[in-house]
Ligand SMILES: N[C@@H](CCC(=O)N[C@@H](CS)C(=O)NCC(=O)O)C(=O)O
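There is one chain below, alone, in structure tokens, taken in the form predicted on its own.
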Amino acid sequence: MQLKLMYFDFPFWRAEVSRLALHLGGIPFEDVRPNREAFMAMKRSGELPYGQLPVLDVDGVRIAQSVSIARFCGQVSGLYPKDHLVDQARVDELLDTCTQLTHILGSSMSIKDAEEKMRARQKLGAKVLPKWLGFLESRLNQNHSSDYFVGDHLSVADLAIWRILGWLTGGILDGIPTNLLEAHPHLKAHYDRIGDLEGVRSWMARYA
């Protein structure tokens, strides 16, 4: 099986969850990271199904949309539940939650006025994001017998949550506090645990 995954050269969850899944599963893939000029050329050519990245080519067949790609990569790498429909749905739920959080932050991205944008970010950081992080910690705590979000093993849900939390708290979003996880100790422990996995650390070293 020939795999080619295309996304920009930064560790945003939309593609990094799939890159990590393939890496951790020992699945060979072509890791294509187009710059903006190359992306715009791809977009103009009409080769991107929805005019956006990531896309994944599987033996020449193109798959689009982050969650579908993550699910596929999780399946082939052993990081997606097998034969358990409820656990599969729970993983999908968490991937969809990452999409929803991205949209919540995205509402502030298009604000042109700097002061208005900062006010919006401060509201997100003070009220909206703490509420959603509380939701996530609650979902984590409901999996009583495990250090993971679903079942007893690492899944693409853990990788996706880890990367979106890294985005939220990494200091690259002006006006969003970097200490959001301090009020959610179990979620922070999960974040630290996933980030300390050897395969994750070796992969992320490329960004250091």
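Not measured: the values here are computed from a predicted model. Numbering starts at 1 and follows the sequence shown.
Separately, the form predicted together with the ligand exists; it is not shown, and the next lines address it.
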Checklist entry - So which of 140-148, 178-186, 162-170, 65-73 is the stretch with heavy atoms within 4.5 Å of the ligand in the model of the complex? => result 65-73
Next on the checklist: So the ligand isn't shown here. In the model of the complex, which residue out of V32, L53, V58, M42 has a non-hydrogen atom within 4.5 Å of it?
Outcome noted: L53
Next on the checklist: So in the model of the complex, is the ligand close enough to F8 to count as touching (4.5 Å, heavy atoms)?
Outcome noted: yes
Item to check | Heavy atom of H190 within 4.5 Å of the ligand in the model of the complex | outcome: no
Checklist entry - Would R19 sit within 4.5 Å of the ligand in the model of the complex, counting heavy atoms only? => result no
